[in-house]
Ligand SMILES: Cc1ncc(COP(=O)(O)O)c(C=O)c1O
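Just one chain follows, in the form predicted on its own, and it is written as structure tokens.
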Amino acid sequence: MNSLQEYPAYKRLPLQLREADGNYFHTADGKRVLDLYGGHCVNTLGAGDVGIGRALAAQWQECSFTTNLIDMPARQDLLHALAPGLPPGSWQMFCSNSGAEANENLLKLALNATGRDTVVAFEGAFHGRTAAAAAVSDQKNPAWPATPFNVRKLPWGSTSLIDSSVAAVILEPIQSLAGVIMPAPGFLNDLREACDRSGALLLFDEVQTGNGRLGEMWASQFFGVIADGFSTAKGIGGGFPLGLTFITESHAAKVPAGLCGSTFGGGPMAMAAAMQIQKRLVEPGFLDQVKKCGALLQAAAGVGPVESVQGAGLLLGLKISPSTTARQVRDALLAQGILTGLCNDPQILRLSPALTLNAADVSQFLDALTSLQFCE
């Protein structure tokens, strides 16, 4: 008799989810849980957003799916909606399904545009689990026996070894999984200059930092440094799988047109979901509210077990005092009905809530932190 079980990739939390709406989960035993993790920066507008739901339903009736050999209004609509919010320049975009794919395509384009074979990446980086994305990630247990190109890993903050052999330098403007680590002042500018000198492309992985999460549309605008190419995923679809790769038109012109491809990437349903995200992000005051809630969360520094807060906007890392760990704090908060996240640093509690977070939600979180007590 056949049997089937799920591969145990995840150590799941003790939550029996019944439904989710807005910034809250509702469990099978009747508990209401404030979600400050946002599905790893995915739930840009919270769970069950009515606008996204209506757009998906309408698009399904109009055209649920078709080959990428046929253009469609939904794709052109998204191109037009994204263009005004992009960093200055002329850009081209390719659609895929995930952050790893978006990063793979970004690397593929850079390697082909330059004709070089080396990519610089950084310690602490995470860009995905597929072969090329994993090659430029800093993982304890590498999944692949070899990398598809030469990789040069540098310490975070270093600009050395970026020479004429380097096709691209790829980084997260804020290293999220490493512990929400900000770039030192001047680091991104120095990287921009090093790439300009060597002819390498500067690539930003904006899978988490993009789509308004920092209170600006893109991290390049937040930090004032423009990359030659950048990727995004997660929050761009608000829960519907979508990855986007952007590259400057001048570099795209050096690459064969058929280099990238995807069956589902750029499908009409994903385009419809992303359009709703864009409409909300550009509403007057929306990104200002992201900044305000981010500033309110910064007040967690010194509250309960929290020593300090790092990060920006609504991508934050709370440094937990040495007397306990982030996991213990995560579990204690969950017992009070608040979901937060962990990362590779055992002392950092990670927050990446929906951008619809409000002051009352923040107050609930700060009150919960205040009540936490751990044995010294």
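Don't overthink the numbering: it's just position in the shown sequence, from 1. It should be emphasised that the depicted structure is a prediction, and the values quoted were computed from it without experimental measurement.
Missing here is the form predicted together with the named molecule; even so, the following discussion is about that form.
- Using a 4.5 Å cutoff between non-hydrogen atoms, A113 does not count as a contact of the named molecule in the model of the complex.
- In the model of the complex, the named molecule lies within 4.5 Å of some heavy atom of N103.
- The named molecule in the model of the complex is not approached by L203, whose heavy atoms all lie more than 4.5 angstroms from it.
- The closest non-hydrogen atom of S198 lies beyond 4.5 Å of the named molecule in the model of the complex.
- With the partner omitted from this view, the residue of G179, G265, G128, G215 that lies near the named molecule in the model of the complex is G128 [heavy atom within 4.5 Å].
- With the partner omitted from this view, the residue of I247, V207, A273, C95 that lies near the named molecule in the model of the complex is V207 [heavy atom within 4.5 Å].
- Looking at 155-163, 277-285, 76-84, 119-127, the stretch with residues near the named molecule in the model of the complex, meaning non-hydrogen atoms within 4.5 angstroms, turns out to be 119-127.
- Residues are counted as partner-facing when one of their heavy atoms sits within 4.5 Å of the named molecule in the model of the complex; in 167-193 only E172 qualifies.
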